[in-house]
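Form predicted on its own, single chain, as structure tokens, below.
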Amino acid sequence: MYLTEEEERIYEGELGWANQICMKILARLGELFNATKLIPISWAHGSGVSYKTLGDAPIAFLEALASAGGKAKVKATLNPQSFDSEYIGRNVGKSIRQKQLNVLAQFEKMGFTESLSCTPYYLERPKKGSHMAWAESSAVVYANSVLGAWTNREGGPSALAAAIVGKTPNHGIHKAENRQPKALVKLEAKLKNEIEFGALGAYLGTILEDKIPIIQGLSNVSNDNLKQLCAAIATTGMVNMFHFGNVSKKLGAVEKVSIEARNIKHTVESLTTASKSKNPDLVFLGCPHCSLSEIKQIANQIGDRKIRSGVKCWICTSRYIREKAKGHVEKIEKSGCHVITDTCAVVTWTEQLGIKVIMTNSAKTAHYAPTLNKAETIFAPLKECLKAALKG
């Protein structure tokens, strides 16, 4: 892979160890994917922030990088951590709190913004056609497919390295020829709610592998439903983008897939693992983090109802959205539900809180909870989730 004179100097260590190790990570990644050069990026979004999923081993690397003067050269944001300070953080051990806060301190030293959200595009909409290095899979698919930005699905180390160097290898979705559709998906079923959009994504992820599809039959779709589709397709497969709407592209020999109502129904059913007799310990909404419109919708549907005894209800969002939705948040929390920022159920300590059954309208959570949370799942639309959480 070709490096400019300045990049060679960084690679040789002339600008310090932190820049050198990050350049070596990017150069090695570029070699693995046959990239010819590095390209500038406008934004890096890092994962590997939650101590629950990160563990102890990588913390020493973060400390070394920060101590050696590693600094983000571009806009740099972060995925959720393992708890919020207002609610969950009070219920985890002191050691966990200290280790998580140390992780955040290292990112702060390196100039990352503590957005702590999987929906960074609510904080600021990336420019169409801008090159980025994002490591949150659901946000990657949304950025490429809905917002028209260009980003590969980075790992935590490569997104961190890209932030510090300000560049990423020119491969994958960064090249126009690799953004062309390889499959034609005909949606024969009419999708009724957010969980069916999630089910569509989950089903496509399992059958497309990494093939970019054109999805025919998606019309007048809300961004919130597209978000559920993006999150689910990234969860069960390696698809990094899709085309939809009024797409006029000449298709060569592409795989053709027909999606019928029975495929959606079966996928919805498969994402529930708890028996019908079980009630949820936790009703969880906000994976990916809730938008302003979703917070408003939840507040309106809650009305004057109150939380049931024996069940928790979490609505997860970013600090930015929570601040914009103050009045709706107050209404939600009067019911006994908690509007939580900085974390989500998938990356927090639900087991320590005695949560064994999680009810959610997120296909991503329903897919991950049995392994990451060791919890059974109930997959249901928003209205049913709130009915299970609230009296009346």
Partner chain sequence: MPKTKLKGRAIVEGRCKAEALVSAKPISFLGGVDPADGKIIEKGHDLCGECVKDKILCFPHGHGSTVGSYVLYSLAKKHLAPKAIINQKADPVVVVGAIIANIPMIDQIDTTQLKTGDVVEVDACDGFVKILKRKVS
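These numbers were taken from a predicted model, which means no experiment stands behind them. Positions refer to the first chain, counted from 1.
FYI, the form predicted in complex with its partner chain isn't displayed, but the following is about it.
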property	result
P157 within 4.5 Å of its partner chain in the predicted bound form, heavy atoms	yes
Its partner chain contact at K24 in the predicted bound form, heavy atom, 4.5 Å	yes
Its partner chain contact at P58 in the predicted bound form, heavy atom, 4.5 Å	yes
Contact of I332 with its partner chain in the predicted bound form (heavy atom, 4.5 Å)	no
Heavy atom contact within 4.5 Å of its partner chain in the predicted bound form, the stretch among 217-225, 233-241, 148-156, 286-294	148-156
The single option of K37, K356, R28, K324 touching its partner chain in the predicted bound form, heavy atom within 4.5 Å	R28
